[in-house]
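Given next, in structure tokens, is a single chain: the form predicted on its own.
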């Protein structure tokens, strides 16, 4: 007899979501997390009284979270408090303009009239088409299994209203936004979100071009830090008997005749289960935990063919002074052409760019309790994206230089005397993310996501190569990000309950 019905490897949002739903269904479920905290990139750590978010900095498109807690018999407010963030962003453009985008669509219309009057009509079309697509596609696409073309076709047949939006998936991010805007500032305001999916505008899927609009439906920050989301999911699961163990690194899956039946831990102990779910990067799952010798040749070639997502260096700053900011997020952006150029001629060449998008997150604007009284926190992306392996150098040696570059960026755009008010600063490089979170090459979104690597083109939630193995998280379904990884967990749970429920 197995020790558990389900073992989930990794306590990221996808893993916790699948685990909580499995426990709700009556399955004896265990989550094993190699770190000392849960949540993966959506987590929070404390240093000297400052609580810094590891990576994710807000949650937008909260429908998957709402649906998850409904499936668990409750609602979001039963398990966490989400603080609305308004304005959505403050922008600093490459020509020096500064403005803030409010949540309210009518107020944003007035802003567009002021900064880009030629694009008011395009903004109205963007809203009309985008809001309709978001409403009609949310449950139908985001929360539905799409591992195969057959499933995708069945989805279209059951929801014929979504077929009119199919061309959006075949377009690029920049193709979508250019169909609405001509003004460079408007293009900038809707282009940088392509990096939220881990790709430049010229490669990112067109569906992500509507992220800029979805944010007008609300963006939120969890009280207590981003770890509030995984903590809430974990609490809901534990109400149904879910077990979670941290500091438990899984070394191998237990395999017999092509079937997974448990895990072997770093300390040598073994735990058996009827099925195993991996929330780890899909390449780590197959090539390390399963092992090439346990896979058919086609599976080894297929999983090895994927590229990992872009890494994202983070700078965590504790200040003894309020920064000169207006919003939870401030974007120092550049032109759409510059974003593509940075990707092709810097990032892909292994060169750290000197200029690109920077994002400054100010979480103490929403929740002052994250820092000692009178202090503030900034979580900061500087000159993103940056390569995992800088040509002719390494991140351990570059940390000091990168930290100084970040401080200069803060002094230029946020706080002229920042250097005099920094009480704590830490740089987390792509190499650090790889070591801490086991993300190969520091890739924060699992595998690279463009229009050719989503849904049925991604590793399957129900493994085709290994019986009783399921995958969830940013390597599957629709890729990385809070809503999409929660959605991946729901999709994986649907497969499990269909197979074992």
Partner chain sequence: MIKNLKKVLPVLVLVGMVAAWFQASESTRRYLKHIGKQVPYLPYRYFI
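Just so it is clear, the model here is predicted, and its values are computed rather than measured. Residue numbers count along the first chain shown, from 1.
Another form, the form predicted in complex with the partner chain, is not on view; read the next lines as being about it.
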Note to self: Can you pick out, from 240, 413, 306, 402, the residue that has a heavy atom within 4.5 Å of the partner chain in the model of the complex?
What the structure shows: 306
Notebook entry, point to check: Among the candidate residues 391, 419, 397, 301, which is the single one with a non-hydrogen atom no more than 4.5 Å from the partner chain in the model of the complex?
Noted result: 301
Item checked: the partner chain contact in the model of the complex: residue 289, any heavy atom under 4.5 Å -> no
Note to self: Taking any heavy atom pair closer than or equal to 4.5 Å as contact, tell me whether residue 467 reaches the partner chain in the model of the complex.
What the structure shows: no
Next item on the list: Please check if residue 148 has a heavy atom lying within 4.5 Å of any heavy atom of the partner chain in the model of the complex.
Entry: yes
Checklist line | Contact label in the model of the complex: residue 215 to the partner chain, heavy atom within 4.5 Å | finding: no
Margin query: Tell me which stretch of 113-121, 309-317, 170-178, 130-138 has a heavy atom within 4.5 angstroms of the partner chain in the model of the complex.
Written below: 170-178
Item checked: Contact set, 418-449 vs the partner chain in the model of the complex - heavy atom within 4.5 angstroms -> 448
